[in-house]
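Shown below, as structure tokens, is a lone chain in the form predicted alone; questions about how it binds or moves come after it.
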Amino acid sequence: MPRRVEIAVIGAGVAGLCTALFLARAGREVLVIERGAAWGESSGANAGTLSLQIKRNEVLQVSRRAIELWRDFQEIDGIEVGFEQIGGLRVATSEREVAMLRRSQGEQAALGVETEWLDGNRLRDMAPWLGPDVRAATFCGWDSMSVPLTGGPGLARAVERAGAVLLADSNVVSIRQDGGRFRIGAGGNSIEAERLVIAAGAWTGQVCAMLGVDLPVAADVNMLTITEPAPHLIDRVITHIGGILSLKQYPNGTCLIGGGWQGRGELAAGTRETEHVSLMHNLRVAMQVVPDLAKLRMVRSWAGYEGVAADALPLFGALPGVAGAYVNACARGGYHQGPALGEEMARLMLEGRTGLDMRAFDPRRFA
């Protein structure tokens, strides 16, 4: 393990690994420091839904570029991330939701996101497995999926092949700036770095506080459920206009059910667990949309942290008041956006600019 490095990246989730990958590919000396196992927190507990049409307008450009990079990781770079671009359906199950879906489709069309309106026979022809309560849907060919359990190890290996070093099980307990360098205490090690990237997810606020910067970061506790393997059932990524469902079937036949339903837990105490009532609501919505799910047995449900900024937009850019420090964290839907945010962070650090317009995500909005 190097004791002195050019760039230290704190966090080995999707944001940290992708940042390190693009920096290492550019020939930079990079050390990634992770409090536990690489990919062991938010990214590893993610649903892996890469749906363009459910993203807020502010992050559509980033989300579109991220899907291209997820595809390139697998098809060009040979990194196994479980990527499939199968298209997605965003469904509505009431008249009010149909009106919401119409408005959302119009707004996204104005921003260049093409979707197809489906109802009646056209909807049933594309997705005969949908339940009768589904009144309409929009189809987006950009929508895709990744399998986090393969994507994490795949990206970690790619980072190391590119020349970066991963230091796991090393919780960062102190950071101070001295003589233009950062001195980091992590896992009993003392590390010096010329520049620093904080990509610590839900712990980003705590890490930034070590450098005297207060950023408003909260921790959601999202729940997911996996079913037993089943014959071919769902051939699209399914989301809901109300933001209450994320559903897909993996190649091994298991179905993953999520949708942002909140479990219970506290980041400071390290607790996270499922909440029974909310979990049952999540499963009922899934069975309402795809009734055949009722025939399957649940194998496991779990909860994972997701770091979220006060306005639910990414924290991306130079850390206010700390020369040489950057933050890349807390994007709502950050698993999806991770590759593009990593690419743009590397570009910002190497070239002093970004290719996409990232001004809305500047941490100084909270300074």
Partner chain sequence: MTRRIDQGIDRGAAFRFDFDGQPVVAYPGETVAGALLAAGVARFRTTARSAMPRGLYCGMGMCWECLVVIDGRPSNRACMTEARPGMRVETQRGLGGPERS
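Just so we're clear, the structure is a prediction, and the values are computed from it rather than from any experiment. Numbering follows the first chain given and starts at 1.
Heads up, the form predicted in complex with its partner chain isn't pictured, but that's what we're talking about next.
Contact annotation for residue 91: none of its heavy atoms lies within 4.5 Å of its partner chain in the predicted bound form. Shown alone here, residue 210 lies farther than 4.5 Å from its partner chain in the predicted bound form, counting heavy atoms only. For the chain shown alone, residue 155 is not a contact residue for its partner chain in the predicted bound form, no non-hydrogen atom being within 4.5 angstroms.
The closest non-hydrogen atom of residue 190 lies beyond 4.5 Å of its partner chain in the predicted bound form. Contact with its partner chain in the predicted bound form, defined as a heavy atom within 4.5 Å, is made by all three of 230, 251 and 297. The contact residue chosen from 77, 194, 84, 114 relative to its partner chain in the predicted bound form is 84, the criterion being a non-hydrogen atom within 4.5 angstroms.
Checking 159, 200, 145, 137 for any heavy atom within 4.5 Å of its partner chain in the predicted bound form turns up a single hit: 145.
Across the options 68-76, 179-187, 123-131, 243-251, residues that bring heavy atoms within 4.5 Å of its partner chain in the predicted bound form belong to 243-251.
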